[in-house]
Each structure stands twice: as structure tokens, then as C-alpha cells.
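In the form predicted on its own, a lone chain appears below as C-alpha cells.
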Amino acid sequence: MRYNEKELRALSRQPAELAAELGMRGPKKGSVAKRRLVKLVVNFLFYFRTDEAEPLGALLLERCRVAQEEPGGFSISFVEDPERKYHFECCSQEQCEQWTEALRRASYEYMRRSLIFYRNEIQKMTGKDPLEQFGISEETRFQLSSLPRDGLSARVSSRLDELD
């Protein structure tokens, strides 16, 4: 994936939807959990050394799976490489549930499907397309018909179930 490092750093300074110091262990075998400041900004999970302002790295939360692990912990793995798993340790089970819920709802695909769902619900109730006033109601990305119809749709649907 291509990205602009300067813009990514600027994004990391934006207000976080969720931020906390968590134990974090990377995907390398034998890696040890280290305390990191972890910030969720839109669909990026930034992680920092606790005493530094610049991020050490970022995870793009697309095509990923968030799973609760041992009590008070969760992991993030990616569809393309399920063995590449990041582990996080929270201070409490409540904090862990808060993080997993926020991370599951952070992807673009989840937001897109939510928009389509609520658009259809509003249209049923009012008889009007709420996107029409913005001139974007005909764009393919906002249509149910743009969703895959093959075997991928079952995987996408089950993925959404994981996100809920």
C-alpha cells in the first residue's frame, strides 16, 4: 500500500476515538509485550512509545479480524496473512471489550455497510433518499448492488458478523 508519511504523522496527531496505554506484542515469534500508547484514529491504529510524540507504527484496520484472546486481551490479524497477529493486553476486561468493539467498527467497509443500511431504513420511513440532497445518491459505492454476489459475498457477510 502506498502512503504519504507526512500525512500519516499528521493523522496520528488528530483527536483519537480511543486511546490508552496497553501492553502490545508484535507478530514476531518470541516478541515480548511492551507498554505502548495506542490511539485509534478513523481506521488506523497508531502505536507510540509512551514517552514519544511520533508513532512507532500504524495498523490499517481493513480486512482484519479482531478477536478477544485471554481475559483482558485481544488480537488483530489480517485476512491476507493470518499468522501476522498483534496481541494487546488491557487493564481490565471492560477496557478490552471497549477496544474490541471500537476496532470492529473502525473499518471503511463497516462504515459503508452502515451507511447503506441506514440509508435504506430512512428511505423506507420517509420515501426520500437522504443522499439525494448531496448529489451522490447514484454513486456505485452507495448501492447495495455494488456488493459482491459470488462466494466473496458470503465471506464479506460473515466478516460483518464478526464486526458486530
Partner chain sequence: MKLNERSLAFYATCDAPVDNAGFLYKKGGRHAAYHRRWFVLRGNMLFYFEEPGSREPVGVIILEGCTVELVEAAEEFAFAVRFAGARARTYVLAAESQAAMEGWVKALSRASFDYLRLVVRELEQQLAAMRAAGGAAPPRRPSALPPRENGCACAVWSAETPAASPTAPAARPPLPPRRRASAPLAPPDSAPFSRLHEWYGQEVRALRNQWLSSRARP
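Numbering follows the first chain given and starts at 1. Remember, it's a predicted structure, so these values are computed and weren't measured experimentally.
Form predicted together with the partner chain: not shown, discussed below.
Enquirer: How about Ala58: is it within 4.5 Å of the partner chain in the predicted complex, going by heavy atoms?
Expert: Ala58: contacts the partner chain in the predicted complex.
Enquirer: Decide whether Thr100 counts as a contact residue for the partner chain in the predicted complex under a heavy atom distance cut-off of 4.5 Å.
Expert: Close contact is absent here: in the predicted complex, Thr100 is far from the partner chain, nothing within 4.5 Å, heavy atoms only.
Enquirer: Can you tell me whether Arg65 touches the partner chain? I mean in the predicted complex, with a 4.5 angstroms heavy atom cut-off.
Expert: Close contact is absent here: in the predicted complex, Arg65 is far from the partner chain, nothing within 4.5 Å, heavy atoms only.
Enquirer: Taking the partner chain as it sits in the predicted complex, is Gly135 near enough to touch it, meaning that at least one heavy atom pair lies within 4.5 angstroms?
Expert: Yes, contact at 4.5 Å.
Enquirer: Sequence order please: the residues of 8 to 37 with a heavy atom within 4.5 Å of the partner chain in the predicted complex.
Expert: Those in contact are Leu8, Arg9, Leu11, Glu17.
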